[in-house]
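This document starts with one chain, in the form predicted on its own, laid out as structure tokens.
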Amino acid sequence: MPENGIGAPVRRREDKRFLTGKGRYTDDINRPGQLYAYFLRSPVAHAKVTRVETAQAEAAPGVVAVFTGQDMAADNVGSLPCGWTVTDRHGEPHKAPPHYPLVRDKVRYVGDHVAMVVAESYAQARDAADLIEVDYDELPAVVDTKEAMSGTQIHDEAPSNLCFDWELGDKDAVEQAMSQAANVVELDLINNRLIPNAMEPRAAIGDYDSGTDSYTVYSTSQNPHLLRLILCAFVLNLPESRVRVIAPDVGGGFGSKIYAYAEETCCTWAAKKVGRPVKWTAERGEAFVSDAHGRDHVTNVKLAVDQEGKFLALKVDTTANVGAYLSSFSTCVPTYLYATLLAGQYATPAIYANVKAVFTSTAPVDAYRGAGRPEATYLIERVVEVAARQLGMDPAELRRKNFIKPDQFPYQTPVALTYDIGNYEASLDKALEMIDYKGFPARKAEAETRGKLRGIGLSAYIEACGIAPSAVVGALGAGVGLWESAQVRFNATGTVSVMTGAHSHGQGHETSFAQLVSEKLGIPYENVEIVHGDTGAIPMGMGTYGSRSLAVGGSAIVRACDKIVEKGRKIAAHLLEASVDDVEFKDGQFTVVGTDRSKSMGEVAFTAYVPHNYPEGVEPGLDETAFYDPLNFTYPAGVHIAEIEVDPDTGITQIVDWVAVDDFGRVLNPMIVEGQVHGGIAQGVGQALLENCVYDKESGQLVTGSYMDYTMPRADDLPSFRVGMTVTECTHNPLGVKGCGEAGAIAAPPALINAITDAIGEEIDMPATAEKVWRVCQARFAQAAE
């Protein structure tokens, strides 16, 4: 078999161009005659717009055009849609107020799009925007999630700012279990709002060709086909055949680049209006106010436990902030991607969740690395930890007692999902051994001699990846199918081009997909080219998010490879003068069973394109396309353990050890997987310790609008993570893979907060900043002194 096939820790080949400055990002692209766009954004959080005067801006040097919402309305430009309909517990669809690319009557958050200036240079466009006169009839802002339903109404269509009131599970069974339980553990939690910070800010170029009446859109998109679909079918009313979307190298996404945004819509529309390409690249400050934010839940959770520590029921009441408008998939995040995971790894008999989604005067909220799964895991693992303390049980053993056992799979949870396979105790045992759990008391005692408070925290997470199948998500309100496509094309000389509907923005697809094809077809890894991110070059696909690339996109590639092999057997049988049934394929060779007669894949491919001696009825060429629609989610799971020390004099938390043991199913490239785990943990640590999006309650201004106020994790905030793996292969995709990209961000926050609360002896919300921890420590010392 190829030495760089499945299981080999191959270095990412795409990194050479990134590390040497040879990457090609959207901002690197410049079109002939290109103009530049700047967006005038609302400086107030909530106001009626009574006048927009653009005359001075239009007369400014270099300005080609100034557009407002009224201009777009005149061209019948539509609203940016939400792609998932949630039906609430009263049988009503969620409230869906219009979200126009440029506002038409009101602004609803600081950063809302008021006008667009197009000029010969970016500086000229920005300067001209200062000349636009806007009259705002300011209204009270509402930014606090807990207070949203009693605040000023933001949309006429949504009384009390309620988007939906949704439920899942058996409320009566939960209430009955609660009434009979020996113990009911209750906890109030805040899952803090986060601002995505990809290395590459969002950017877009709209380019219109009047000769063909067609558009090319360059965008920092995680799923170019979906962007094209939204632009054409819902907003700009264009035929898809005349729109090509290219997402070149993309420098990180984490969910924030899934969506259709106002900027790329406006640039595409404006390109035809002005007759020249229009380019926009976000400044970092714009990204803070306009990129879709993540998380922002306020939750009360109750866990019913019997006298032996067995879980009886879980009740969850969550208020989820969706911001001022609905983003592309914002409705499914706090519902089907959240409440369906509330079983966690535990055999809890009854679960009920009520989720109220609310509009506020803040940036839209949508999926951010993990998308609902981090929020679910956080509340489960926090309340389990609190239960262990209240019951006087070891946290690891309480988890073990309630784990779903290997012989219980497939396991139907009380919240819709069916887990196909897992071995949660194996991950727990390995993690406890790696961190020397039994030796923790001695380490804690030693830390006390140095005046430090040492704590240890566990997080047993599960997530659902590869969102599917399409029929199921369609029944739940999804507006798209969630399959994936692949085209595998041999060239006459034996090299292979793979066109995938998945999209890479840092995951290493060009390496891992090439390894997969090398293994399946028995050809050198170096001979495989991966093509993605261009709707003009690849079959329609659904992009990358939800750790779906290998489980769904890779499975589509496998199916296309299988078709290649089957056609190759027919060609080889003809060349070898044998029956097709007698020809087997292995390690790149088609061989007549029981003989040494064979033809290589390269010889077969050459014959397919030079068919001088060719089987009758078989088409020339060796080029196959396949689509894969999963049968179920995949369910990665694992245990992370954080060990920390708190300095009570400063409140500073130091992570002294971190163990992550994950079950990702079959692992294609362990080096890439480990890197994904490291990156996910870093983001989880950022949420738990440092990151927090804050709006001023009175004015609605974004207080944390720059890196001076929004604290990102740095290298010295992070330990050297130790990674281990267990394996139970997924039972329903051809690779046995599960997905790894979001695991660290899901598992890390509860592990770290559990460790901190273990050390300081008090509950604390994220982010556990040094000041917040210090105040808790000082209050405890003062209480002890009394």
Partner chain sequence: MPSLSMTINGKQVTKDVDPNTLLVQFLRENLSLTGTHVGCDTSQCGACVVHVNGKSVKSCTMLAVQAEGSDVTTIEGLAQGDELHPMQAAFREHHGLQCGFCTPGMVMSAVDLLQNNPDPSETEIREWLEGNICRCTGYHNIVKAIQAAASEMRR
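Since the structure is predicted, the reported quantities are computational estimates derived from the model, not experimental observations. Positions refer to the first chain, counted from 1.
If you look for the form predicted in complex with the partner chain, you will not find it shown, but the lines that follow are about it.
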| query | finding |
| --- | --- |
| Partner-facing stretch of 498 to 506, 334 to 342, 166 to 174, 180 to 188, counted where any non-hydrogen atom is within 4.5 angstroms of the partner chain in the predicted complex | 498 to 506 |
| 436, 446 and 761 all contacting the partner chain in the predicted complex, non-hydrogen atom within 4.5 Å | no |
| 4.5 Å heavy atom contact, residue 39 to the partner chain in the predicted complex | no |
| Partner proximity in the predicted complex: residue 596 to the partner chain, non-hydrogen atom cutoff 4.5 Å | no |
| Interface membership of residue 678, the partner chain in the predicted complex, 4.5 Å heavy atom rule | yes |
| 4.5 angstroms heavy atom contact with the partner chain in the predicted complex for residue 718 | yes |
| One residue of 706, 237, 493, 412 in contact with the partner chain, assessed in the predicted complex (non-hydrogen atom, 4.5 angstroms) | 706 |
| Option touching the partner chain, based on a heavy atom within 4.5 Å in the predicted complex, out of 139, 195, 229, 626 | 195 |
| Sequence-ordered residues of 671 to 696 touching the partner chain in the predicted complex, heavy atom within 4.5 Å | 671, 672, 675, 676, 678, 679, 682, 683, 691 |
